[in-house]
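Single chain ahead, by itself, as structure tokens, in the form predicted on its own.
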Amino acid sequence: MPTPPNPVDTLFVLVSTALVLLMTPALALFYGGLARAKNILNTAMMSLAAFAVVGILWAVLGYSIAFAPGTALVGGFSLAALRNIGLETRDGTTIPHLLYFAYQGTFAVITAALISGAIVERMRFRAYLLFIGLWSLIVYAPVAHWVWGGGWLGRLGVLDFAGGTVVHITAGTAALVAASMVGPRRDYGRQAFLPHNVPMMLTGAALLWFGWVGFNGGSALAVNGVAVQATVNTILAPMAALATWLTIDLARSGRATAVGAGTAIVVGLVAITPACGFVSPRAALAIGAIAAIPCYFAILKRASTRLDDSLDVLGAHGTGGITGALLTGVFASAAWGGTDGLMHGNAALVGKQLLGVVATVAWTGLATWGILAAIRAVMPLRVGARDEALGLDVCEHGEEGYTDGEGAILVLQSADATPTAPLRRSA
């Protein structure tokens, strides 16, 4: 007879699921504040639309690819369309299988949404929706299987407690490929693209930190010491990253920027994600402080290149995820729930972590390129120059994020001077 779910653990994961669910709207605020005013709604919609596309596909097929019994590379179809998923406990946990499915689904949604930060302000919304749907099935779900679903990286001993590899390295790599294939924004390198609402961005960062407690702490899947450890580490690492970031900012320019502070918090959260259930609190402080350095200079360097990763997904999530994954191999400790790493005499763990990074980057990069190339063969990836100049809120959604208070109706003229339907300004 199946063991009944533990009610305390079930409540804990229910709350954690709600917290991770909040992270996608929080990301909409974070990214939205960094975008220009004419693209605020489009930027937010790129995050929120992941619920409709990735969330549904996760229920239909993605969860089965990730977590159903299968090969070392991919899961089978026994859990497709929520078959064989009920209120009984999932093997190896004390919570209902249905709840585990929902919790993991919130991870899949926000991972796809993260990629949008690299291609905001110029990618066609329809092309984006098709892209994240295919990407969630072809990239995210298989990598989740590799690490968490009984696949080859998990069997090898690669450590990823809450998604440094599965979430952040995949999103950062996909962002690099997508930004390269979609191309830079008009006037990139000749015009400063300034955030239109930094307080909004900081609100989003604060809510992301709040939700990340469920992201990392909830990955313990039970009310126990590991949940406490992961939660405390999730609090400490961003603090250390923020301190390092402010120090570098002040040393370089004498000014500590608010955008930099919000970015530093996210970097610290990203870096501790793979390690949070495997390292001590002191190690968490070290990981946060160390990770801020390569991320800071990666973002600084990117600004001088032709890569228009609009909101620095590669610098924050890709670089932060890789750094965190490798530092997990350095600081992990058997005394804190992991495998002893380099600091405890086991250099081999760093090699395993490096292999996990290389394999994930290689597969994600290749598959992302293939998905976008296939989409580009049937539809344009980006909007036209005129629509980009006007702003994607109007052209892709028929509304604007800010009004003059008079509820004006905007009428666009198409290229041949034929009036389009009136477009409503959103309140």
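Note that the coordinates shown come from a computational prediction; the quantities given were computed from them, not determined experimentally. Position 1 is the first residue in the sequence shown; the rest follow in order.
Although it is not shown, the form predicted together with a further copy of the same chain is what the next lines describe.
| in the model of the complex, segment of 324-332, 146-154, 350-358, 96-104 with a heavy atom within 4.5 Å of a further copy of the same chain | That would be 96-104.
| query | Applying a 4.5 Å heavy atom distance criterion, does His344 contact a further copy of the same chain in the model of the complex? | reply | No.
| query | Just to confirm, Ala374 within 4.5 Å of a further copy of the same chain in the model of the complex by heavy atoms? | reply | Flag for Ala374 set to no.
| request: Spell out, yes or no, whether the shortest heavy atom distance between Pro195 and a further copy of the same chain in the model of the complex is within 4.5 Å. | output: Pro195: yes, in contact with a further copy of the same chain in the model of the complex.
| said: Just checking whether Trp369 would be counted as a contact of a further copy of the same chain in the model of the complex - the rule being heavy atoms within 4.5 angstroms. | reply: Because no heavy atom of Trp369 falls inside 4.5 Å of a further copy of the same chain in the model of the complex, the answer is no.
| request: Kindly indicate whether Gly62, Thr71 and Ala178 are, all three, within 4.5 angstroms of a further copy of the same chain in the model of the complex, using heavy atoms. | output: No residue of the spot touches a further copy of the same chain in the model of the complex.
| query | Of these, Leu207, Val182, Leu221, Ile290, which has a heavy atom no more than 4.5 Å from a further copy of the same chain in the model of the complex? | reply | Checking each option against a further copy of the same chain in the model of the complex, the one that comes within 4.5 Å is Leu207.
| task | Sequence order please: the residues of 211-234 with a heavy atom within 4.5 Å of a further copy of the same chain in the model of the complex. | result | Heavy-atom contacts within 4.5 Å come from Val213, Val223, Gly225, Ala227, Val228, Gln229, Thr231, Val232.
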